[in-house]
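Just one chain follows, in the form predicted on its own, and it is written as structure tokens.
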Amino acid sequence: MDPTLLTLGALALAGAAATVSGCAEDLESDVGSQSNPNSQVQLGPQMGNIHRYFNKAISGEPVSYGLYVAVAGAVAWALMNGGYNPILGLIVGSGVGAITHGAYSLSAYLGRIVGQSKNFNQPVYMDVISTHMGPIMGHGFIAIFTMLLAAYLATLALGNPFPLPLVALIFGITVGAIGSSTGDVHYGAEREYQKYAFGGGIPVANQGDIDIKAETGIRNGLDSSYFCSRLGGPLTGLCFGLIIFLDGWRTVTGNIIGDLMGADLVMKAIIAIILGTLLVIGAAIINRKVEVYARNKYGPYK
């Protein structure tokens, strides 16, 4: 089979895996209330809002997912170099990463909530732990495995020269940053503040005044993931998947154009850089046009 077709197939698979990974990562952070919205959950008891959110303030998502995926990548890389099947290495590595994730999540929740119980009367709900840890580790395993698969394809078929653990670390940091900037807005600025008018942002006076009542009963992290699975999670996955796919596409396309021109490796790299620059410029123009259209269409917030 044509090596170019194999490379394009690996690139498409890596992009699809990254899309699933980004979606799972964002929904997991919604269940556990990590990153940007976490500060609002943290302020809830101080504002008199006793809640049932799972409050896992481990760190920012880029740092935590960089750790989980790097751990998984290191375990998988060691198993592969020990002669084990790559698929087995990816699965075992992802399992170790998910266990690491679960350990940090549980200790972070207990430490944060116990710290708030003395002064702000926020209790530790054991049923919140039992019902939320499964989805947190389950979504985390899916995110870690698909990220690790994309990183493995990058090193195996897409010409990435760095070792698997390092590529996994970079992918983990990237998806965490995208989850914080893209998906968490849907949770932290909308779901937690549905009792306020849509589009008004979060004034300082309202910070910590989060919703604690759901459509039926008391709201928890699982409700947040159901809500965010409509927009926040898919948008995060789409963003990460496009980054992985388009970055690989410019390299593959640069190599194809370079082969047609008879160019050397340096010229192929230059062609790939030019293609990447054109993609960035095109994305900036599209973003600007969408923003201007939205402002002209809906006007300022009243």
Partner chain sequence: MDISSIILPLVEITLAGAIINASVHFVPVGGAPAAMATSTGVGTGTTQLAAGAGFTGLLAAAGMAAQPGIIISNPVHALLIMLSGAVGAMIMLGLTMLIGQLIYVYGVGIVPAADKCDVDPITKDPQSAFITPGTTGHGIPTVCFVSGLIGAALGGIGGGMAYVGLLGLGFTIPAIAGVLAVGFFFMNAVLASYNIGGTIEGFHDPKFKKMPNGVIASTVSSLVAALILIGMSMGL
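Note that the structure is a prediction, hence the values are computed from the model and not measured. Positions refer to the first chain, counted from 1.
What comes next is about the form predicted in complex with its partner chain, which does not appear here.
The chain is drawn here without its partner chain; in the predicted complex, the stretch among 101-109, 126-134, 84-92, 157-165 whose residues come within 4.5 Å of it by any heavy atom is 157-165. This chain lacks the partner; the member of V185, A78, I218, V114 within 4.5 angstroms of its partner chain in the predicted complex by a non-hydrogen atom is V185. In the predicted complex, its partner chain lies farther than 4.5 Å from every heavy atom of G66. Not displayed here, its partner chain is approached by A269 to within 4.5 Å at the level of heavy atoms in the predicted complex. Remark: I170 counts among the residues lining its partner chain in the predicted complex, judged by a heavy atom distance of 4.5 Å or less.
In the predicted complex, none of the heavy atoms of F141 sits within 4.5 Å of a heavy atom of its partner chain.
For the candidate spot formed by V96, Y152 and R230, no residue has a non-hydrogen atom within 4.5 angstroms of its partner chain in the predicted complex. Residues of 270-290 placing a heavy atom within 4.5 Å of its partner chain in the predicted complex, in sequence order: I270, I273, G276, T277, L279, V280, A283, A284, I286, N287, R288, V290.
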